[in-house]
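Just one chain follows, in the form predicted on its own, and it is written as structure tokens.
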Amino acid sequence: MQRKLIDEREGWREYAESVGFDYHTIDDETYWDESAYYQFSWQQIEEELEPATEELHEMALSLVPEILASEQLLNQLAIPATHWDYIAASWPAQPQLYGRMDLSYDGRSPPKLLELNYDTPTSLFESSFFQWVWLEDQIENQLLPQGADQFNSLQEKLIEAFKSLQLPQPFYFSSVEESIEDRGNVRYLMDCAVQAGLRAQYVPLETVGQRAGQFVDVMGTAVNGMFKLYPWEFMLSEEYAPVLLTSDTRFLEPPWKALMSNKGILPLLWQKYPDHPNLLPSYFEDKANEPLQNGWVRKPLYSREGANVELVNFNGEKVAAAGPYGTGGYIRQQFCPLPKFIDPLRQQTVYTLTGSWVVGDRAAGIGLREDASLITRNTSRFLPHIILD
């Protein structure tokens, strides 16, 4: 795994905005960064990342029926008892669409699972469409060799998945209206669904109402199917949570993803598959005020984009990220340092996270994020990658 500098494409920002990538810059800071790229070998992809992704995915799925059958585990994951039956009824009847697992991978040691993002994973548009266009452009610009490739079949697999899911139509796609990143990801998914032959339309989540125990759009039409980029833990605590129990709406992702997006899945994986080469020792926290020891990370059961995560590395240095989470339980996971590189343009050390995607049950591609901090956050830069032997 190598980090290499490259010239940016002329006019890429204007092109990004023309295709709906309005969040390429966040708060005047670079988000999409094509001043460099990461290079992998085919062996690293085909013998390490791809099989590890699919094996970890199957291992996580194997836990779902076990959790649903155990009140103790459902309580441990802080799943509201009011919706246990609702979640159980969705498994396995309602298949998933996609997910992303975050890995620490340096190209030499086996990839290690840091967490699963299986409910509302973002960075999809840039992982799928935009970095592929970058690859084609840079080959055409002769800045990359003709043999350069990419681990990226996301768009093809998403379209294939939408064709197979037999979703009600019209099928709605929804997100919080003010989040341009969420809206961009949802509109990309909707475009894939349209290419698969679905009748689809976008609705801001705030405009979805309820009538007679059903969810309805602004015209009063029943919402029979909806992709929502909104976490299940929020859905289950909103005022409309009781309507979930009476509504006929089929959701993507399905309700059982509330179990998979919970950080508690990490200690459960470690309990079932101890010493697995792609897992890190992880435990439910018993004493919330016990200080972290060297080489450990503390994560809330529900947290996104690194929020409310704190760690102490092997040298005793502490790193923490603020955020709105942390009122529930916590887990502790052994610290696994992200691979470290030097960014000569910014003259700083950066730490790189590999996000590995599954669509349906198959590995589908990767996206790379880097930050000057050991905690990857929503502002961490996204860099493209290539495969070249």
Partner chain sequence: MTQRARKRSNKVALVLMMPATGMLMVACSSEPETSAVVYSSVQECQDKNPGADAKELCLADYKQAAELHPKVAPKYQTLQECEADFGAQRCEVAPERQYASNSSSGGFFMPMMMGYMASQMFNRPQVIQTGAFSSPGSQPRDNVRRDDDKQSSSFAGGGGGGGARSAVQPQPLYKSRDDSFTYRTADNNAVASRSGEVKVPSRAMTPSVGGQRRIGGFGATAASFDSAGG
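Every value quoted in this text rests on a predicted model; they were computed, and no experiment measured them. Positions refer to the first chain, counted from 1.
The same protein also has a form predicted together with its partner chain, omitted here; what follows describes it.
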Exactly one listed stretch (67 to 75, 119 to 127, 106 to 114, 277 to 285) reaches within 4.5 angstroms of its partner chain in the predicted bound form by non-hydrogen atoms, and it is 119 to 127
Does each of Thr246, Val312 and Ile331 have at least one heavy atom within 4.5 Å of its partner chain in the predicted bound form? no
Picking from Ala89, Leu292, Ile139, Leu165, the single residue whose non-hydrogen atoms come within 4.5 angstroms of its partner chain in the predicted bound form is Ile139
The one residue among Tyr202, Trp296, Tyr273, Trp84 placing a heavy atom within 4.5 Å of its partner chain in the predicted bound form is Tyr202
Partner proximity in the predicted bound form: Arg211 to its partner chain, non-hydrogen atom cutoff 4.5 Å:
yes
inquiry  = Given that its partner chain is not shown alongside this chain, does Asp361 nevertheless sit within 4.5 Å of it in the predicted bound form, heavy atom to heavy atom?
reply    = no
Would Val319 sit within 4.5 Å of its partner chain in the predicted bound form, counting heavy atoms only?
-> no
Contact with its partner chain in the predicted bound form for Gly184, defined as at least one heavy atom pair within 4.5 Å: yes or no? yes
Of the residues spanning 23 to 57, the ones with some heavy atom within 4.5 Å of its partner chain in the predicted bound form are Trp42, Ile45, Glu46, Glu50
